[in-house]
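Have a look below at one chain only, the form predicted alone, in structure tokens format.
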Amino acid sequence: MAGLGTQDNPLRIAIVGSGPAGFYAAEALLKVAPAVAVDMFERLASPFGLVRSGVAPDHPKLKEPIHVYQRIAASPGFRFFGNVTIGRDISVAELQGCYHAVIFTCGAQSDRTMDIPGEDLAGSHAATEFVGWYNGHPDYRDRVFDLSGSTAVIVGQGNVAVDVCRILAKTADELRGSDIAAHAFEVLAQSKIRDIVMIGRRGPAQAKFTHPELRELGSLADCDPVVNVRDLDLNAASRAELADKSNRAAQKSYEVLQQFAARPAPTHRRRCHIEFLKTPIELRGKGRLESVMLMHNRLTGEASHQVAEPTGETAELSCSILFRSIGYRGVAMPGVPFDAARGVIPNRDGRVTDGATTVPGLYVSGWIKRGPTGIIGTNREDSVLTVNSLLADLPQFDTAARPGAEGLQALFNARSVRLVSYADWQKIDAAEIRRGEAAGKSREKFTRLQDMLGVLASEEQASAACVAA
């Protein structure tokens, strides 16, 4: 390791972000040698990123990777520093001065907009906000979603869009017992939404949802999936796409849509309409959303390269709330190059670049590296590739010892940063589980930072009282 990797001079790496990409990067680093020290920084007081705050509360199995991350967090050489915003509390330059390298794994925190008139009307929302709200993310705790109307529109046809449909469609009894945030459960239990319309600009062969998630819309207690059989009449290029053996997942989704279209007339209180070849071109309303203007599309181009072109035919759909779910994008961080067009940190093989120049000591993994693609497990391979690039660069590293987080402690103190360690998080975690048990749930999340810090203050007071006694 060119002078690094000894007990006297461990290779010190900072990871910014504590989602899947961050933990998998830590795992790959800690496997290299015993004298690697990994410090993970997270702006929230809780770790695990979208596995905690993005996975739907009624999908607990998808949160099982947290058990892997807990084992990684228990590894010698790993430390967690929550409630630290890099770029605000600590600059990237200050971080670089204390570590041999920094890996950014901070994900895609923002959403893409539709860029159409009326998008800023009350009642028009990003799916990101809604998902964060019902998952208890502190950033979205105080968002307000008016579910007093009869029709909700979801723009986009990925799995996040399906999650939003499903949460809106479920009864209170179906949501009860999950780890859905209490404030969200109360609002959803009183929802007057009856029709949920999920719209895609292309056809059923190009939809991005996966068939297991789609199939769930057909097994809800009080909601029928509705698909117009005419929408499943594919053009030649779409038929060729589905015939491609490498596109088996889309074929399975198409079969589920065929099953939905063959079902008898809806009988339940709610209906989830899945519609294709439509693009919102304007949101309308006096002060708040009342309707969405839709352009009908046709597909043109060769198989696997089809685009949606407007036909000129429009239709107006009344609705009181709309969620856009058309993609995520990263957010620029002060002191780090950023590709605003793609919403990622520019890089080659995980090495951060500034134009044609590689920035020494800066690396990137996960969605902020490649964009919002893949599933949770995709981040493991991606992080391993980034770590391999870092290890290949070790001969060029400055071998001088770095202090790690100890070198930042004075800055934390001067800037009144209340660090949350992994041991602190475990206390918060245990308190959430206790709260959940009292409510008949797997956990009841704290949705405000002050409440999390209050748990720690109570623990500290109790410990002090025991010592005094």
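The numbering used is simple: start at 1 and walk along the sequence shown. What you see is a predicted model, and the numbers here were worked out from it, not measured in a lab.
Omitted here: the form predicted together with a small molecule. The next part is about that form.
Proximity of residue 367 to the small molecule in the model of the complex: non-hydrogen atoms within 4.5 Å are present. Heavy atoms of residue 130 never reach within 4.5 Å of the small molecule in the model of the complex, leaving it off the interface. Residue contact check for residue 213: one or more of its heavy atoms lie within 4.5 Å of the small molecule in the model of the complex. Mapping the unseen interface onto this chain, residue 288 falls outside it, with no heavy atom inside 4.5 Å of the small molecule in the model of the complex.
For the residues 379, 105, 253, 157, the 4.5 Å heavy atom test against the small molecule in the model of the complex is passed only by 157. Shown without its partner, this chain lists 327, 343, 361, 77 as candidates; in the model of the complex, only 327 has a non-hydrogen atom within 4.5 angstroms of the small molecule. Only one listed stretch (367-375, 393-401, 262-270, 175-183) carries heavy atoms within 4.5 Å of the small molecule in the model of the complex, and that stretch is 367-375.
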